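Coming up is one lone chain in structure tokens, specifically the form predicted on its own.
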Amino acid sequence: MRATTEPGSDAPAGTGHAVVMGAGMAGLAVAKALTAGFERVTIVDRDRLPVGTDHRPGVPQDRHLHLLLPSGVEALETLFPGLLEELCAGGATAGDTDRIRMCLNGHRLAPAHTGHRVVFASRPFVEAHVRRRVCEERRISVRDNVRIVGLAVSDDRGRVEGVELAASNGGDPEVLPAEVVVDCTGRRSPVPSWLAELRHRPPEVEELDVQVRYATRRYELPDGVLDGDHHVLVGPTPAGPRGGAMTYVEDGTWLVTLFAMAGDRAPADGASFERFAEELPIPDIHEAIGAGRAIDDPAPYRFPANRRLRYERLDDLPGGLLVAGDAVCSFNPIYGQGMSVAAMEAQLLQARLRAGTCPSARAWFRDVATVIDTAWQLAIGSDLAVEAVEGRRPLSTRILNRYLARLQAAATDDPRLTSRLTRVVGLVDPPSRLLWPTTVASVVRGAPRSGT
């Protein structure tokens, strides 16, 4: 039986072939999920993939700080049982969220347990371990250093039947047939333009321009520099579009990322890096790096806008085409949502395939929208709380941001509020949890504060 997806209905999962475009975290997780319903899965990537933890051109942001949220840890552990233990054996650290020092909206939140794990490691380290697990799967093969130039479609253009690979040695493009193609090529995905060329309507695009600029340095710091904590997060404030984060990674060093929003300048050299850290609302990052030694120069990066492609609103979708990860939605990276949302999407696909059906394009994008909605709401709402970010602020957004500011102030003395907020930010609980009567009562009782 062949695994097929028609535009409007799910189909039985079978023993056919699936192709994944892209070998980043989204592509690797999706490939593993596809083995629940397909006999063969091929990952195709334009880069020559590293054997270990080397950086690669296709992931320019992998030099910067990443964080696996609790939801992402749980999703990856479902897809790759035992992965967390392997990461920790390799040098990563896992702990409860009380190992994170958080300063949100200028308020230092009280530490609190949530009962959920966070992994502290670099992006290349995590990706290398996931990639190794994927390559050990007998159903999965990887074709790297190959460029995809288009979609192979049926005569009536109503179904995707594979991908076209760039010609080698001057010959014709190679067609790699597949029952399902999953686009995991990131925010620069060519699929919308390919759909337009095939006379399918491309998805609407929603964007919020944030113009985030950030820089990252690696540091050697003395043992116990943060009294056993593994991560510091300093978020922006309404009047101050700057922040930073630092995390302990697998080789015993610390990654420190400092960012500025709305076109404000990020540090460009060592001296400005330390001055920038000194100006943050709490002194933790500046004091920590002042006690240690930088081992490289600041590496810059720029992120222009939150971007969401509304595939779920399309009626005219070709069968056999799914999209996941940043190719559907990419978030302001200061919130650390990208890897976790991609893993949750893959977990959802695995569950559908294990239930015996491969989702149609229409059903898939409806499902993915439910995963994305919470993260999108949190990212957009948080960005619009920064006055320098230009965007429409409906009354509901303004009221919610005022409430969250008061909640964060009250959480300076109330670990229960910190825990509830952290579970929402970690994509474990829905945002509605923050509006439960018991939470609102705690916020009302807590006196708003303007300091840290």
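Counting begins at 1, following the sequence as shown. Keep in mind it's a predicted model, so treat the numbers as computed, not measured.
This next part talks about the form predicted in complex with a small molecule, which is not shown.
The candidate stretches are 366-374, 314-322, 280-288, 181-189, and the one lying within 4.5 Å of the small molecule in the predicted complex by heavy atoms is 181-189. Among residues of the shown chain, Tyr214 is one whose heavy atoms approach the small molecule to within 4.5 Å in the predicted complex. Taking non-hydrogen atoms only, Pro202 never approaches the small molecule to within 4.5 angstroms in the predicted complex. Contact annotation: Gly235 falls outside 4.5 Å of the small molecule in the predicted complex, judged by heavy atom distances. Among heavy atoms of His64, some come within 4.5 Å of the small molecule in the predicted complex.
Annotation: in the predicted complex, residues Ala26, Gly336 and Met339 each come within 4.5 Å of the small molecule through at least one heavy atom. Among Cys358, Met102, Met261, Ile148, the residue placing a heavy atom within 4.5 Å of the small molecule in the predicted complex is Ile148.
Note on contacts: among Val59, Ala36, Leu404, Val424, the single residue with a heavy atom within 4.5 Å of the small molecule in the predicted complex is Val59.
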